[in-house]
Structure formats: structure tokens, C-alpha cells
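You are given C-alpha cells for the same protein chain in two forms, set apart as structure 1 and structure 2.
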Structure 1
């Protein structure tokens, strides 16, 4: 039994498209796809794995760097990372990328794995009424309970939200309020937002090693584009809700699109020429993954479905999944011109989709929480995954792997989902449609009249052919015959073979003869009339004769064949044989 299971295992490994390079179930990596990246940190052509480790969620947050299967370095993070990207911030040699880690209201920039710069989001406007209330509390004009009542009134009615200090104060028990006021009343009020997502945007060139700007989304619904060197705000855009997922394409100095999934369940598309969203995609459930492939956007939703949209928000397709989505990532293999979407599911599987077609499935030992595909070390097709239990999985795509464009999941064929190229409605088409609507009854009557005339003409021609025996099948019930002719040869001599068959069930046919009618100036036949033997039902009787072409002008004519019955003047069958041109005479 063990040998059989081992054989099945070896067969599955051989048929797999991936090589199992490394699996460490106790790597203690707790992260998401937004906090994992592959980058050539030292400019030596060898990519490292950079991970923003969430730790316990309260402490032990670290920035970890892996080379191969071992941990190269780690740095302590002060707060929980919400996103991490690798980008080139200048043109200085050597071209080593920097790492930007978004955490709270700050962006920590690391270069050569050392802290380089700290960017702080600009403070938000503070409610003037809130400032006035705290000023009264500072001068002891109101007691803590009155302060609480006034802040609660502001919270319910004010357009500008309260600061974190006021919200914390409203959460306290009555006996703790006085000490809180004494501790904080001398400090100025600040309202600070936090970063929810981060991405990169090429500055002015589309090259892979071009300088990139940082793009960040904040809790209060703003999107900032930062200068890569001075870290000043180059552009600001606003969204109706808090962004959670982001995909950026284009160049800042030319044209760019920022696709953002927000907490209200909608997807907004921002463009350079507009500080507010250009298009909006309304989803039926909240998005949990966002990937752009070419000009299309693929969205994974919480109700176990994958949707494809155009960049203008038009829905293209929907694929239903067997389990909830945990994470998504883009699989881009430029050397093969292959792009797909990797979808991690809660049933310990990773599905690979091209459009709506499932092209591959990867089984994992645990639920995958983050996915990253790209060049790791010196291997281009490397798939890196972290699991819910803190494990690290590294797989390498085989160079012989081939992904078919057909859907491996059961369902309708691919051809059913191909959109038809329907032409646009022209003015002529619209005019014809209106004419058909107005004259529908008259047009239908005219069509029925023409159809009846066509049927009558066909019936008359058929009856005429039967009466004159011009058909290759006999209409007589007493002599049911069928005949076909074959001409063989290049000329000037031809072999003419007639195949005659009695189609009756059990009655033979006798006393038949065959006669040929032809132009004697063109053709000559040794025998132009001969009798047919008894025809047994169901058998094919070949009758051969030879035809000699007499003309050397390269012309041909028709030879008529009649099947006759003794005592009857009308033939039972008639066949017209189109003779070919005699090639022998034409060559001479």
C-alpha cells in the first residue's frame, strides 16, 4: 500500500508545474500581501525578500529581510505596518532601491537597510468649537462632566470629526476624567490621520529602474502623491470613503490612473486631470483583493466571487469561488508574456486565473495570508507565500510548465464567454428598423406570398422532372432504380462507368436497356446501345464503355444516358454527363 501511495505522490510531483523550493512552518512570519516585496537591495542582481512582520499585533513588529532560505537581517518597527513598497528614489549610483514602510501617520524610509527618512502626514483641521471647549477646561471655567456633555454634542453634530484626545476622554469612566483633563489640558489639540494603503508611481519614465513617487491613502479619504527626493506632497486627491486597497499605473508627469477600493464597498478610479474620482464601480459586497491586468481590473469580493471590470467600470465577467478570498496578487512573467491572478482561498488552496478561466490550482498546508510572485535570488518565476500559522512557502515555476487557456473547472466552454464583435448601429440600420416597425404586417404578407410562389415553382419543376424522367432516381414504383456515372481518363479515350442499383426491397428488375445520345462530330462509341442483365435488389451493377474524342479544338459536350424499358417510349432514368476536355489532344 505504501509503495502505491509513494508512486501516486511521485506522479503528482512530476505532473506539477511548481518545484517545492522551501517550506518552513515555524518561520513566525505574520503579514499580508501589502507588507511583502521582492527587491534588489544591494544592487548585485540578487533579489531579497522584504517582509513587514506584524508580530503579535501589539509588539514584536519587525522589518525582516530574507536571502535564499535564511534570515539576512531584521529591524524593529515602532508601530504596526499597514503597507510596504520598494522604490528607486534617485539616480545616484549604485542604483539601490529604498524600502518605504507605512505605519500609523508616518512613512519610514530605509536605504541600505538603515533608517534614512521619516515622513509625517500633515495635520488635519481641528474643530474650532472643540478648541474653544478645551480652552474653557484649561482655564477651569467648566468641570469635566460639563466638558463631556459639550463634546458629546459636538460629536453628534459637527462636520469636522473630534480629535483622538476628545474621543479618548469620552470613553473614560467619570472618576478618571479629572486626571485626564489635568494631564492634557495644557497641550495643544492635534488631529492626525493614519495611512491605510501605499503604492508607487513612476515619475516620468516607464522603465523598470525609473524613479518612482510614493502614493498613499489615508483614513480620512485623501490620496497623496509624494516627491521621491524631497518627500513633499506633489498632488492631493479626495475620495468619498477610506481607501483600503490600491493599484497604481502610468507616470506622474504624463498620465496615471489610481484604482482604489474603499471601505464603503466601491471602487474609484482617479486620473491626473481630476482631483476627484473619474469612475466608480459599485460592488455587491466588500472588496478583499484588487489586481490590475493590462487595462482590466480584477476584484475579489467577500461573497466568494471574482469580478473583472474595464478601467471605465464596465463589468466583463464573474467567477465564483469555492471558499472566501484571503489574499490576491499579480503573477507577471515577462519572459513568457504571461499574466494571471493568484487568489488565496480559506480552504488551503491558491487558484490561478486568466480572465475568468481557472488554469491552475496549488494546494497548501495552511491558509495563505500573503502572496508575492517575482524574481527571488536569480530565479524569475518564484512564488512566495506566508500562512496563517506563520509559515513560509517558496515555490519555483518549472521552465517546462505550460498553462492552457481553457478553464480547468467544470462549466460552459470558453467560446460561450467570448464577446461578439457587434457593429455599431448606423443611421441606415435605425431607418430600416423604424420602417419594419411601421410596415410589419405588409412586409410579413409579402414575405409569405413570395415564399408560397417559391414553393409552387419548386414543386412544378420537380413534377416536370419526374414526368420527363430527368432525375437520376426512378419515380416508378415497379422499377425503383438509382444510377450514377463516373468518367475516367485524360483523353482522347475515356472510360465511362455507369453504376446502376435496384432499390426495391425484394423484387428483381429485368428487360432493361441503356442508350446513349451524343454529338457524333465530337465523340464516337463502340456500343451506343446494349441490354442490362437481371438486377437483383441491393446490388451495384457497374457497366463500362469507352468514349473516343474526335475533336482537337479543346472543346467538350454533354452525353445523355437513358435507361429504357422494353415496350415503353419514355425512359425510366436520364443522366447528363459533362465530359471533360481531352487533354491528350490539347497537348498535341
Structure 2
């Protein structure tokens, strides 16, 4: 209820704050916030939308450029784009930014949408022993089987992991090995890692159009800062885990701060002059989004919470979200001095937070997977979102929109005004209440009397059953027996099966007999009295006899079964069998 009414309120508010500029539900975009950028690619003062599209996730990767509502150009990418940034790499006029697309171990730099440069990550150190083994193989000094054994030995002990080639070789079937070695032995061994995130860092000026360095994080936990013109590595830092999200601030030549969210659930803060992380924030769940707002870091976690931290790693606040976070982005309106965090949620909403206050909510037709806010075309406050289904949404912030700087969540919960569902009582109930008030004593006595009677009747029945050994278990301690009887057949002859069991722990029971008592006009039995064998404890003895029904009038009677012990007149067990009507005769 509360969420419904809140939604109504928020959508009406939201619709007054945003203009729906464009919605293409079949734009066929599969991308993340890290692969979206707004950039003035042609230096004509009009910002284009650049999207690194992951295609199907396997192939058909594209670099797409949108202008206005239309696709301006698209060029094929060789591999999945991990991240994409637009940056100014030199001071040449006209100042057109370059696009850097990170994919695999490479960064492809595009200028004017044409391939300009390809940067390859430096390869990692290769195990010298591995190198040795392969060079021996190259000279044909060892056969593939020996090579395999040696590599296996290396894999299990070595400090430095094996290269892809060796690992792939170890997976091969023996007959394929020879070819593989022949094919690969001439090539030098390389061990490569891949880029996992990318960012930019101003070189030496804080201006909007200053030259920027590229900052990249790699799978093996390194962070590199690259020179914008020569693409040499200016600085290298290492992290304890693989970086996933990155935020960079400052200037390379002065002072900078890199906030990195890692795959182990920690956030590390790196600073100039320290190759190791300066501060560490340990989260209790994985970070999904990381946004720096002013001097604070806002982290969206996978357990549906948004945390605020200072840049030294001190926790400031926590806000709980109604659904898992899908993506996050900064909303920065420098002209109005307004900054907020946009959080895309799995329940098809985008929440806008200022500190821990929910300022506004945007409903979207699908789950948003990437958000980008900035200048698009010539409009400053544009919100670009792509959805899980591949849609593209463009919204423009109204110039009249005002965001109140406090929590828009309502004060008391809505449920407080819902009436309690108190069960109603009928007039009859009230009447009975009055009756009880007047006649409480009589009612109580009558009840007590009946209760006593009931107890008496129950006790009597019980005693009677005990006396006539009618219970299914015998009460005697020396012969603990259990019996039940089954009648089979339609008549006139029936099969009577008595299941007798000795329930004693270890003592057998002997000298027992069974006798039947019945109306001789109605039934006849061949033997109405017989002995039963020794009963071994725990076993079930089915004893069959046959009964013939003599009457053809469709009547039935009770047959009584007694289990007797030799020399005792009182039965150990009694069973009354209600015989069924003999249908065989009745049908005739």
C-alpha cells in the first residue's frame, strides 16, 4: 500500500521534472554504464552519445554513435568492450576528444571515429622454468609426453602461474600434442592479462578541456596510468584483488586519488606517491556501483543498500533500497550547483539520492542497466539510460525542476491509518454472554456434572475392555500379544486371517489356542478351535481359517475370537469380528 501511493506521488512529481525526449525500446543495445560516454566528437559544440555495445555477448560488438534520436555511425569492435572513455589526448586544434575502448588486453583509441592507435598491456612475467621447458621442446630435445609431465610439475609448485599455451597444452589429448607443439613452439611464450576497468585523469590542469591520462585496472590487480600522447606507462600500482569499478579525481602531476572497488568486496583508495592502497573499506557485500560526489564516496551494494563513506574510508550513512542495484551514475549540474546520485534498481525504478535522502524517483518501462547524465546535443541536463531489453531512453531535465533537499519519504507509515481488522461479534454472541452472566453457576455445574459423567463412562468402557481382553494388545505381562483380524471374500465363504504377533523382547510364547464363538445357525467353520504354534518374538503369524455363511437372508453377525492359554479359562485376547453380509447368496 505504502509503495503504491508513494509511486503515484512520485510519478506525478517525476513527470513534472523530466521531459521524455526519446524512447526506443528496440535500440538493441547491450551495454553497461562503463561503456557509455557523452562527447563532442567533432568539435562542433554538439555532444554525441557514444556507446560500446556488447552485441550478443559473443559477437557483433559495435561502437555506436548517436546524434539526437538517430544513429550517426557504427563501427565493428573486435572483442567485448570492457570500458570506454572519451578524453582529450593533445593540445592540437581543433580540440576533438578521442575515444578509448578497452577490450581484452588492448585499448583501441579512435580519433574522429577512425582507428588511431592500439595499446597493448605489457605482458606478465613468464615462469623461467616454463620458458626453459618450451625452448627444449623447440629444439626437439624432449617429446610431448615429457613436456607434459614437466609442465604438470611446474603447475603444481610454481609461484608464477603457467601461460595460456601451457595450460591449453595440458588439456590436450596425446595425439593432438605433437601438432600443437609444432604449431606453437616458434612463438615466444607470453602471459597476458585483460583490462577490467578504465578511467581518465587530468594531466596537469583542472580545466574542463585539459589533456587527460588514461587509468586502467587489470585482471591481475594492477592499476596503470598511461601517458596521453605516447601511451607509455607513467605509473603503476597494485591492488590485492581485481578492480571492477573505478573513480579517479585530481591531476596526475599534482595530486590524485583513485577509488577502486574490487572483486573481493573491498574498496581501496590509492593516492599519488604510494604504490599500495592508502585506505581500505571492507563492505559486507559486493559493490555494484561506485560514485564520488564531492569528497564522499557513495557505494551501492548487492544486498540492496547504499552506503556513504568519506574519502578516508569512514562510514557516514546507509540507505536501504527496495530492490537490488543494477547501476549507478553521478548527476552533476554545475550550472545549478546540483549534484546527486542516480541509482538504477531491479524493480524498474531509478532513484535519485542526495546524501541519504531520496530526492526523486523515475519509473522506467524496463530494468535500467546503464545510466549516463550530462550534456547531449546542446542540452545540459540530459539523462541517458539503456534497459535490459536493449532499449534506449533519453530524458531531459526541465529547467523549472526543483529538487527539495530532504527526504521525500512520508512521515508515518501508511499502514498506520488502515483500520484494524477486528473480528465482529454477532448479536447471538452478546445474547449468549448475557445468558452466561445470569446463569453462570448453573452452566458451570451442568458442565462439571456432564464432564464427570463423561469421565465415568470412559472409565467404565475402559475397565470393561480390560476385563474382557477386548483390547488389541493383551494386558498380561507373560504373554504380550497383538492381534488383528482381516475378513476376505464376498460370501458365502469367507477367509478369516488373524495376524498374531508376540511383542515380547526375547521370550517366545507357547501353548496357545484359538477358539471361535459364533451363531451356528448362521455360520459354520471346519475347526472352531485349534492350537497355534510357538510364537517367536517380533514375527507376524497370519493364521487363516474359512467361514461358511449358511443364511441366504442377507444378514450378518459377529464372530468372536478368543486367544486362550492352556490351563486358563480367561482369554488373553478377544476380538469381535463384524462379518460382512454374504453377497454371494444375496445375489442369487
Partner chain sequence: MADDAMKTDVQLPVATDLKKPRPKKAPELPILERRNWLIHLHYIRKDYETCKAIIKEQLHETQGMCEYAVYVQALIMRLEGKIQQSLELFQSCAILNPKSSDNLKQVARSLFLLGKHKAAIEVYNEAARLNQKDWEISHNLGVCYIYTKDFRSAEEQLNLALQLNKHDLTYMMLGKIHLLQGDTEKATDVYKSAVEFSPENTELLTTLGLLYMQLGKYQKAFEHLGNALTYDPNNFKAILAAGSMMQTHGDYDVAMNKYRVAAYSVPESPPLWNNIGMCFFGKKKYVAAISCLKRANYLSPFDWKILYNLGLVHLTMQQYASAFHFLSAAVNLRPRMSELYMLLAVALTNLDDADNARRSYEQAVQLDESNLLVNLNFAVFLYNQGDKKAALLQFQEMERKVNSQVDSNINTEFDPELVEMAQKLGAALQAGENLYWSKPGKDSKTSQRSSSGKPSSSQQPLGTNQALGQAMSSAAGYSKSMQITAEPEADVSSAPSPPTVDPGEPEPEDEDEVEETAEPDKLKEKSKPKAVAE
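Numbering follows the first chain given and starts at 1. In this text the structure is predicted, and so the values were computed from the model without any measurement. In this text, the rigid core denotes the largest set of C-alpha atoms whose superposition between the two forms falls within 1.5 Å.
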Please state whether structure 1 or structure 2 is the form predicted on its own.
1
Rigid core superposed, CA of residue 522 - does it shift 2 Å or more between structure 1 and structure 2?
yes
Threshold 2 Å Cα movement between structure 1 and structure 2 for residue 62, core superposed
no
For residue 22, decide whether the Cα shift between structure 1 and structure 2 is 2 Å or greater, given a superposition on the rigid core.
no
So if we fit the rigid core, how much does the CA of residue 166 shift between structure 1 and structure 2, in Å?
3.0
By how many angstrom does residue 454 shift at its CA between structure 1 and structure 2 when the core is held fixed?
75.8
